[in-house]
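We've got the same protein chain twice here, in two forms, each standing alone as structure tokens: structure 1 and structure 2.
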Structure 1
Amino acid sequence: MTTVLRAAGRIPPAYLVFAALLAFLMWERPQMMNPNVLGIFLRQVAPLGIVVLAQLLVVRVGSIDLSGGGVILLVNYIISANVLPNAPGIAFVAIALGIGTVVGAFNGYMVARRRVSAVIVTLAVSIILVGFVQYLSSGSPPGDVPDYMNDLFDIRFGPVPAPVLFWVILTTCLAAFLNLTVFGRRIEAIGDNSVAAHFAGVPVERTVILTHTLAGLLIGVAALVQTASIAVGSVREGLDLPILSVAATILGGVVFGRGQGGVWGPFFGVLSFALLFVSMTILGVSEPGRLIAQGLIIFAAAVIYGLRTR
């Protein structure tokens, strides 16, 4: 009995928020509780969901990646600003993944090998990338995103939009990868104590670099999905996405160096954000009210969780 209660205490707050909001929506807008509608809501957060996959990886090794905003902006710019006239779609995919991977590897190198503060490196990288896009756009501002990307974004498999399906598959793959491979064990070990992990035969630096690189790759993927969801180019990308991704990750039960929530905890963190935003919009909550409610809900969930895991 006590073990059941203890296990329940470890349920990440994300699940609680998700369940509560879902119940609320069922009661408030029963007509919206059909797969088609929910699918669209989930699609809205698919880019965030993929960034969260990246974030939870690096958070588990005790690091953080705030460079997502810059990577996404740069990819968005390259695709929309006609930098490569008539380039095939696959070229954009390669560029996005390439940029993500290179940035991730660089972050990893700086964090693992040069032992620089992860917050500052990834923030600085983001600032540089944003600045680079600003510089480029002063010569040639971004324009439209190719239509086929929007079309891809709009594909559905039954009620499931393609981006959502893609996101779920990606999450499943990552979960399996972390659960089944040596890599997953090493990540856990490093997160707990990187010095002890080194003594236990974990190639710490290499693993951290690899983790950041993988995170970068995932952010490259997120950049593609995000760009496909926006028909236009942009010159400004807030820090929203990285910070929200950190919040979703922690709400999902993954804390720096600890990964009780696994991969699905943060996944539900993102789902709760999706429902949170939707509920606010449906209720017509004004901007200040929205901020206050958002803060209080996150806070309440975290407190319930915090008290139970103490």
Structure 2
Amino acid sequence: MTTVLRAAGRIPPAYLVFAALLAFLMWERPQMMNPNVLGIFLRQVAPLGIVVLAQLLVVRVGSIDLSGGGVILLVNYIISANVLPNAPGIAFVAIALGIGTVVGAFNGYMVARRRVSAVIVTLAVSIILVGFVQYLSSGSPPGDVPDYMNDLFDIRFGPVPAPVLFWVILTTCLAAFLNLTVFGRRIEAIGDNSVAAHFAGVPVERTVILTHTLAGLLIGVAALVQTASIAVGSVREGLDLPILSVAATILGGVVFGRGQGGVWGPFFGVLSFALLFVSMTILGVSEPGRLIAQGLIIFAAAVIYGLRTR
């Protein structure tokens, strides 16, 4: 019996939450199980899903990244404020990926080389970027994004929206990367025991920097998807994604300071958020209620984290 309970305790909570919410929807509103309807809600959480991929990478090496909100806001401003008039789409892609990569590399350098707290440095970077955007925009939303970005966001492959398919492909690629490459094994070794990994010849400092850099690159991708999803400029959109990504990552079974935890647990953590939004829409829950529900999930994730680290 004890063995069974221990095995159950190793199941990522995200799977259980997802199953419970799915059962509720099938019982309360079976018509909502239409793939086209669910696709609409899944499309809205695709940016969060990509940020979660970045978050689980740094969490697995005992770090964290809270700078994503600032990166997303800055990329959104550059694209929507006509900073580069008549610029081709590829230029915006390069800018977004470049900003994310540079911010990620800076975070990694400060965390790994300068030994600064990951929470402090990444949160400070986010605040600086948010302040910079608000200064440039004078606190007002800048404008609209190019039509082609919204058109790309609305593409469907059957019932599957393009952003959801893109998110699934990225998740699959990251899973393969972590499981099949030397770099992935280094991340696991550092998460298990960074001191032992160092004495085993693993370049801990360099690996942590590169992990943050890769996370920043993924956040740059998320910034593009998020900007396409809202189709307008914003001075607030996306600021909650880093905290939600931490919650989804922990619900998915990834624990700070351990190399354990896969990619698909956090993936289902994000799906759970999507189903939660559907459920709250069905129940007529207003925006304040949704914020309270998100806060409760984050609190629950913190409790789960505490239990798993005992």
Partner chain sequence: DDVFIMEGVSPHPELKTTVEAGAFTAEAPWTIGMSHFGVNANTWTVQVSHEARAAAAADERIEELIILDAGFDQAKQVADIEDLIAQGVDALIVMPVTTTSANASIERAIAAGIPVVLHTGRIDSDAFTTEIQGGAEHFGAVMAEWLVEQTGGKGNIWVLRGLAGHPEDTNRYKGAIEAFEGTELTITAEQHGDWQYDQARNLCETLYLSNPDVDGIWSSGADMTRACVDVFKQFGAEIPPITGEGNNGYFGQWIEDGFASISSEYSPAQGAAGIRAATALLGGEPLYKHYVYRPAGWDVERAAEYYRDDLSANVWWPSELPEEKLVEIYGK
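Counting starts at 1 with the first residue of structure 1 and goes up one by one along its sequence. So that the term is clear: the rigid core is the largest set of C-alpha atoms that superpose within 1.5 Å between two forms. Quick caveat: nothing in here was measured; it's all calculated off a predicted structure.
Between the two isolated copies of the chain, the second is the form predicted alone.
Once both forms are fitted on their core, the CA shift for residue 117 between the two structures remains under 2 Å. Once both forms are fitted on their core, the CA shift for residue 85 between the two structures remains under 2 Å. Core-superposed comparison between the two structures: the Cα of residue 293 travels 2 Å or more. Core superposition places the C-alpha of residue 140 8.6 Å apart between the two structures.
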